[in-house]
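This document opens with one chain alone, in structure tokens, the form predicted on its own.
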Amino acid sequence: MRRVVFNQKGGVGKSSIACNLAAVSANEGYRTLLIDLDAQANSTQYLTGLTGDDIPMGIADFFKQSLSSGPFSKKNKVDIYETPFDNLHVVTATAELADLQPKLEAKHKINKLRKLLDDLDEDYDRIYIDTPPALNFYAVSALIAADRVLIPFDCDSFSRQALYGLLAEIEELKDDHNEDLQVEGIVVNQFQSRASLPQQMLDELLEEGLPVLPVYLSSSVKMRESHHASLPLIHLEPRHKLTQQFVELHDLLERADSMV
């Protein structure tokens, strides 16, 4: 199973959601891989604790290989980083991804990631993909390569307006490139249950029939502490309310996936 977490709006929690779901997956015994496609490398730093020049080239090196390889070259390889957590590995991201993007677009390398994941499927039960906050080469590559897409939503009016366009773009991409791609649902993140505006916005989305998942991730300082410690919540504080919400969300997705 390959799951991409994507939204074109920044600050909605893509990396936090991708990393914590991957960590729960690994903690429950699934051999899990997270691929970081964002040049900001937030997921990489979160799960490895590495920064700057200490971060391996990872996915950038894979894409560099694809630029120099010909039609009869051997398969491009990717370095996989073993995190301190059992069953959880990462393909790291670096800032070089930004420089590589126009070259990859010019050479039409949009299907390279899908071919890589075809090879990695034998080694991993679950693959999570974190994306940049833009429908660029890397995000499109991920949507072409994935089976499922989760859309983080932070109950902001700007996020709501962007949501409709995003769903339409995913549907168009599905028709043109990946008919097997399924929108698993909208993940409500940083939810403040006692505030009236987020609840009102959520009710309106549900009334419109949008696929809002029934597990809402709370707003909590514990997430920032988790980032700072480079410890996913399941390892930082397993019994915390937000941690348990991630476990509930993960198990909900697993049950739904098993019924497909």
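Start at 1 and count along the sequence shown; that's the residue number. On a predicted model such as this, the values are computed, not experimentally measured, just so you know.
Quick note: we don't show the form predicted together with a small molecule, though the next part is all about it.
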Answer yes or no: in the predicted complex, does the small molecule come within 4.5 Å of a heavy atom in every one of Thr32, Met57 and Thr92? no
Exactly one listed stretch (24-32, 200-208, 37-45, 60-68) reaches within 4.5 angstroms of the small molecule in the predicted complex by non-hydrogen atoms, and it is 37-45
Is it the case that His235, even though its partner is missing from this view, gets within 4.5 Å of the small molecule in the predicted complex, heavy atoms only? no
Examine Val247 and determine whether its closest non-hydrogen atom to the small molecule in the predicted complex is within 4.5 angstroms. no
Using the partner position in the predicted complex, report whether Asn87 sits within 4.5 Å of the small molecule, counting heavy atoms only. no
Residue-level question: is Ser230 within 4.5 Å of the small molecule in the predicted complex, judged on heavy atoms? no
